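Just one chain follows, in the form predicted on its own, and it is written as C-alpha cells.
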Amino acid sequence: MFDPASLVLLIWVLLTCGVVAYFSYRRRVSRLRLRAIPGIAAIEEAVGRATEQGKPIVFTTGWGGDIQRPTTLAALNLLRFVAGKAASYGCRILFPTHDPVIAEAAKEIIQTAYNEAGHPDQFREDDVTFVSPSQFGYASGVDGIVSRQKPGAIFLFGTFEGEALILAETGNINGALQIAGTDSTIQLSFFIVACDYTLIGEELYTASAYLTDDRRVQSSMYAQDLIRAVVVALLLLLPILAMFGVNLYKEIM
C-alpha cells in the first residue's frame, strides 16, 4: 500500500535520478565545463617545481584512515596521477604511511607509474615507508623525512587528525609547496592556514574527475551542484513563505 507521507521523498529521488541522467546524457553529446578548483590545478605545478629544484616529493594519506576509507581510496587515486607526473619528470616521490596495507598499495601504484613512464630503474622500494601505527610516532617519522629530505612539494591527502597541523607546519617551515585535502572538518582550518592550497571536503573525491576526465564522475558532480542549488533556494524561499502564512517546510524538506 502506498504511503502518501512518502510522496515527497519519492519526488526528491526521481528528481535526483532525472538530473543525474540528464547530465550523463549531456556529457556524452557535449563537453561540460567544470568549475575551477585551484588546488587541483596546482598539482602539476607542485611536481614541476620540485623537479626544477632537484628535490623530492612527499605524499602521505594521514593517520586517521585505513585502506577501506573513502578518503584513503580518493588519496590513492590522486597518488596515481602525482606518481605519473613525477615519473615522467624524473622526480623522486617519498610515501610515508602508518599502515602496511596502504604502503603496499602505494608501492604498486608508484612502481607502475615509473614502469609506464619508461624509467623502472628510478623506482626505489625504500621510498615507500611504513613508519609507525602510533599517531604521533607516525607524525614524528614524517616530520623527520621532511626535515632531512627538504622536499619541494608535499601532498597531504586523506584522513587526518591531531597530526594535521604538525605535518603542515613542518612542511611550511621547510619551504615546501603544500597541497592538502581532507573531509575532516576539524582539521581543515589547520590546512587552510598552513598549506598553499586545500581541497575542502568533496573536492578531494571529485579531484579524479578533473585529472582523469571521467565522464561519469563529472556528470555526478554537475547533478550534485544543481540539487544543492535547489536545496539552498528552498531554504531561502520557505521561511519567506512562512512569514506570509504558507508553511510548507515540513512537507517539502
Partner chain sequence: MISRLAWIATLVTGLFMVAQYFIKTDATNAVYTTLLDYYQIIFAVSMIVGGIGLLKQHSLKVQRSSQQRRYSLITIAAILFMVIAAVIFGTGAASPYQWAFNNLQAPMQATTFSLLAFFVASAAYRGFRVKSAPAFVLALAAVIVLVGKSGFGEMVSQQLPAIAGWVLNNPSTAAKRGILIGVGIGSVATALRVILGIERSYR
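Residue numbers count along the first chain shown, from 1. These figures come from a predicted structure and were not determined experimentally.
The form predicted together with its partner chain exists for this protein as well; it is not shown, and the discussion that follows is about that form.
Visitor: Taking heavy atoms and a 4.5 Å cut-off, does T159 contact its partner chain in the predicted complex?
Guide: Answer no; every heavy atom of T159 is more than 4.5 Å from its partner chain in the predicted complex.
Visitor: When the contact criterion is heavy atoms within 4.5 Å, does V146 count as touching its partner chain in the predicted complex?
Guide: Judged by the heavy-atom cut-off of 4.5 Å, V146 is well away from its partner chain in the predicted complex.
Visitor: Would G201 count as touching its partner chain in the predicted complex under a 4.5 Å heavy atom rule?
Guide: Yes, contact at 4.5 Å.
Visitor: Check C91 for me: does it contact its partner chain in the predicted complex (non-hydrogen atoms, 4.5 angstroms)?
Guide: Heavy-atom contact with its partner chain at 4.5 Å: absent for C91.
Visitor: Is its partner chain in the predicted complex near all of I40, E52 and A180, within 4.5 Å of a heavy atom of each?
Guide: No residue of the spot touches its partner chain in the predicted complex.
Visitor: Using the arrangement in the predicted complex, list in sequence order the residues of 150 to 174 with any heavy atom within 4.5 angstroms of its partner chain.
Guide: In sequence order, G162, L165, I166, E169, T170, N172, I173 come within 4.5 Å of the partner.
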